[in-house]
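A single chain comes next, written as structure tokens; it is the form predicted alone.
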Amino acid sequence: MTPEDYAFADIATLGRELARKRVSSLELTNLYLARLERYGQHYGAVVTIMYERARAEAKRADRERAAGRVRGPLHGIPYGVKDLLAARGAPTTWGAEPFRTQRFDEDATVVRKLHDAGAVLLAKLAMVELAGGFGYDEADASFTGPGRTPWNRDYWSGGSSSGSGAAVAAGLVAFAIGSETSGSILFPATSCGITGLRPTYGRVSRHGAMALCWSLDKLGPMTRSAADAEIVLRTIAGADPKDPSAVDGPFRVAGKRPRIAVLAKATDKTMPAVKANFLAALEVLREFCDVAGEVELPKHPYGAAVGTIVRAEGAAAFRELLESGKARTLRATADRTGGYVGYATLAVDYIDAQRQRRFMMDDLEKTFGPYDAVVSPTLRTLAYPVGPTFDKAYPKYNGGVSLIAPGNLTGVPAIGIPSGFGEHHLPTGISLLGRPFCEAKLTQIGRGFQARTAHHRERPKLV
């Protein structure tokens, strides 16, 4: 294997190479560190490269392997985390100017679990400031600048896990951890042509992670493949006494032939390449799944409810930032005032939005319950160009059906996987939404799809 092959290899391949002593964890770590140094800032992907910690953890992994102790499939595998997760040895900036020097003395639970599994932490990866909670409307919304998709750096890598998506796609890390409140794993995974897995709410502990929205925030893997996503999720999942919302849950798999429904009107108002690649993906799914036909999304104010909850909880999470006036130092113009809109959210609106979630959960379960998954395009458009505000980028594609808001409001899992390419060689993706704690069903379907396609094995030409 060449250095480039190693940079873009999946977890299973890297594990085999380590087991056969064809490469060491330290060699892999140095390879990725060099790529982070060369390409990380060029794609707006990295905040802090953790040279000392990374090499120390790699040497430990190599010593343990030489002694016959292998902690699991992630032993010696280098990775990065979105910079809202605390990690000893580096600032945790939350992507925002007011917190550039902020440090914590302990690892987030996810970082600790990965350390205990033998994984090697390389870097804190860039993100949209405050995970986008103040209503940014442009790609340039972090003190590190805009995240750029490695497929075409004139276009956005997506938010708010912008650096995690770009770093995985560019072969700067073997995998990354992102977070999602309403689309922040699935969006950048699609824009960067990688696999993103949003877990069930409560599946993964959020201790040590920046809080934006306590009732919606989720942490999950961003990887080269569905198989990798399941490996990482099984490692970081589980109850945590430091996070009362985190629970142990089963990993349920589908039957011999998964049953999938198609979201009705899923291709309305989509770009031509998104529609064409989605229809082609359905034909692949039919090879090993029972595609049962279309299913209507229950009618509820999903977008309005998400917006109200994020605004209210985000203002509470960053109350001191708002009241001190430091919010005015944020990068994006909209963020400097957007938090105050949340600060003014009426209690009755917030309570009503939370009350509506119960009806949404019940209706979604009744509608989607008979299926292992519901499939749709992840995004209606290709990646946004860097520069113009979002409303000016693709104004005619606003609106349309999406599963991102309903899925986050109801706390159910989803996986996003690449489905091809469109104009300017920008990726498209499909997403599969499932029922609570059915992530293994989703990765099972994802593995079947990726066994029959090569989109996830494509490599961007970096500049």
Partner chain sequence: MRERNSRRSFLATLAGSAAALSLAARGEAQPAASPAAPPSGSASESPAPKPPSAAALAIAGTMRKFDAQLSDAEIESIARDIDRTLAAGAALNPAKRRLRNGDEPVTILRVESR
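None of the values given here were measured: they were computed from a predicted structure. Numbering follows the first chain given and starts at 1.
The form predicted in complex with its partner chain is left out here; the points below concern that form.
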Quiz item: Candidate spot Gly369, Tyr371 and Ala451, all three in 4.5 Å heavy atom range of its partner chain in the predicted bound form?
Solution: no
Quiz item: Of the residues Gly89, Pro244, Gly387, Pro272, which one places a heavy atom within 4.5 Å of its partner chain in the predicted bound form?
Solution: Pro244
Practice problem: Identify, from the list Ile351, Ala264, Ala211, Ala292, the residue with a heavy atom within 4.5 Å of its partner chain in the predicted bound form. | Solution: Ile351
Exercise. Please check if Ile231 has a heavy atom lying within 4.5 Å of any heavy atom of its partner chain in the predicted bound form.
Key: no
Exercise. Determine whether any heavy atom of Phe359 comes within 4.5 Å of a heavy atom of its partner chain in the predicted bound form, and answer yes or no.
Key: yes
Quiz item: Arg148: heavy atom within 4.5 Å of its partner chain in the predicted bound form?
Solution: no
Quiz item: Do Arg311 and its partner chain come within 4.5 Å of each other in the predicted bound form, heavy atoms counted?
Solution: yes
Quiz item: For the chain shown here without its partner, which stretch in 188-196, 223-231, 112-120, 320-328 has non-hydrogen atoms within 4.5 angstroms of its partner chain in the predicted bound form?
Solution: 320-328
Quiz item: Which residues, if any, of 220-238 lie within 4.5 Å of its partner chain in the predicted bound form when only heavy atoms count?
Solution: none
